[in-house]
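The chain below stands alone and is given as structure tokens, in the form predicted on its own.
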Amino acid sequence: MDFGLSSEQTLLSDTVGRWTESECKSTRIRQIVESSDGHDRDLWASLGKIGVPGLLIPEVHGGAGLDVLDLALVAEQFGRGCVPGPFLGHAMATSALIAADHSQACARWLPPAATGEKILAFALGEEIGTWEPAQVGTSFHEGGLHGLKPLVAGAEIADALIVVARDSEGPGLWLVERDAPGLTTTPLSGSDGTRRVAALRFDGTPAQKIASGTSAAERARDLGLVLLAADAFGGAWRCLEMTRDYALTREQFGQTIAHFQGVKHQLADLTTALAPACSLWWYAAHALDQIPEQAPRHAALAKSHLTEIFDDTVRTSIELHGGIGFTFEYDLQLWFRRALFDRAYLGEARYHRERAATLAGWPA
């Protein structure tokens, strides 16, 4: 049995990696981060041309109809390149819309979402760190949505929102268009300028119900966890490589610091922690498509472990760079901020370890 990537998946990863190296130089990333909305429309259009926004979308709606692992390989390269944009929220929202299987909404929104012409965002989390679809307080009553979603990735530039809310029948999914009355979007100033978040307030906002129950929302949430884990893996490798290259050139006491035993040990520890963790997010991505009953637990494990490794790697990398590692002018700070986002969004590591234990049937 072959547990590696297929030749098509390797080609996809290499293609996106080359695109990232060509289109996402650190100078461009900094320009995007410092822009008003953190969105480079030309960059997103370029991704649309190579099919990234529509990788999961079925071919009947203009997408590629690929698997979650294929999309996760893209997320790995985006983490490695610190690629800015609405990729995460768009992927979660399209996944929710596909799982909802609402014929009218899919026919209208999936074809333009596949090309990147339209951007979607997924509104799940609520106050006090609620990321469980069954626990949301946002509700649909009296003809509209009411409630608050304080952290929604890509919401400021989204053309439509897939919102997790509840009505008299319980939790479900609603579709809200960008300029709907009663919708207030407040951009937030977060640490990671490559992936902007906004707070959404619904005050009787008109919305179209597209699904009942929690299954579509849970799948989109678990997809987000896998994509964050893959992003963290790619980002951690980039930090490790930057630190290795620095250690091979930075001299102290007449020799490069790569000769120092303490530096060697720290780099070796980071490598041995990171390299085997690849299997976690590969398997979690595979489970979402092939072993759905195992997917929630493995997505939680991958997210909690990989984002902690990314956090440890970038912090150690900064320390090994010495004073320059702490400066805004040095690129390492871009990955430090990205690690903070990966660690926090959709729930911290401890939260998902507890979820994984519960899903495995461990006693409280």
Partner chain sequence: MNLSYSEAYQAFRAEVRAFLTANWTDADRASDPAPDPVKASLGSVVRADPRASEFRRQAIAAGYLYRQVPRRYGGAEQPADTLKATIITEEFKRAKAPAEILGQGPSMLVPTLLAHGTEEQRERFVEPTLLGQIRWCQGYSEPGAGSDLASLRASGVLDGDHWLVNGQKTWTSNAAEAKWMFALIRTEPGAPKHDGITYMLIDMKTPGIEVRPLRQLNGAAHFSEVFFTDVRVPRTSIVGERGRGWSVSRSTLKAERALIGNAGFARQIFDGTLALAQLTEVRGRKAIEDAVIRDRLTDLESRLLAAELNGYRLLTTNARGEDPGIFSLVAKLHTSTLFYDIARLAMDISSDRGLLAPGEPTAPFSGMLFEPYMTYYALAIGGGAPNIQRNVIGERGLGLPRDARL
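What you see is a predicted model, and the numbers here were worked out from it, not measured in a lab. Positions refer to the first chain, counted from 1.
Only in words, not in the display: the form predicted together with the partner chain, which the text now covers.
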| property | result |
| --- | --- |
| Triple contact flag R108, S189 and K209 to the partner chain in the predicted bound form, non-hydrogen atom at 4.5 angstroms | no |
| W237, heavy atom within 4.5 angstroms of the partner chain in the predicted bound form | yes |
| Heavy atom of M242 within 4.5 Å of the partner chain in the predicted bound form | no |
| Partner contact for L148 in the predicted bound form: the partner chain, 4.5 angstroms, heavy atom | no |
| 4.5 Å heavy atom contact, L69 to the partner chain in the predicted bound form | yes |
| Interface segment, criterion being heavy atoms within 4.5 Å of the partner chain in the predicted bound form, picked from 329 to 337, 51 to 59, 25 to 33, 301 to 309 | 301 to 309 |
| Candidate from D203, E169, D269, E127 lying within 4.5 Å of the partner chain in the predicted bound form - any heavy atom | D269 |
| The unique member of A258, A99, A180, A199 whose heavy atoms fall within 4.5 Å of the partner chain in the predicted bound form | A258 |
| Those residues of 325 to 364 which, in the predicted bound form, come within 4.5 Å of the partner chain by heavy atom | R350, R353, E354, A356, A357, T358, W362, P363, A364 |
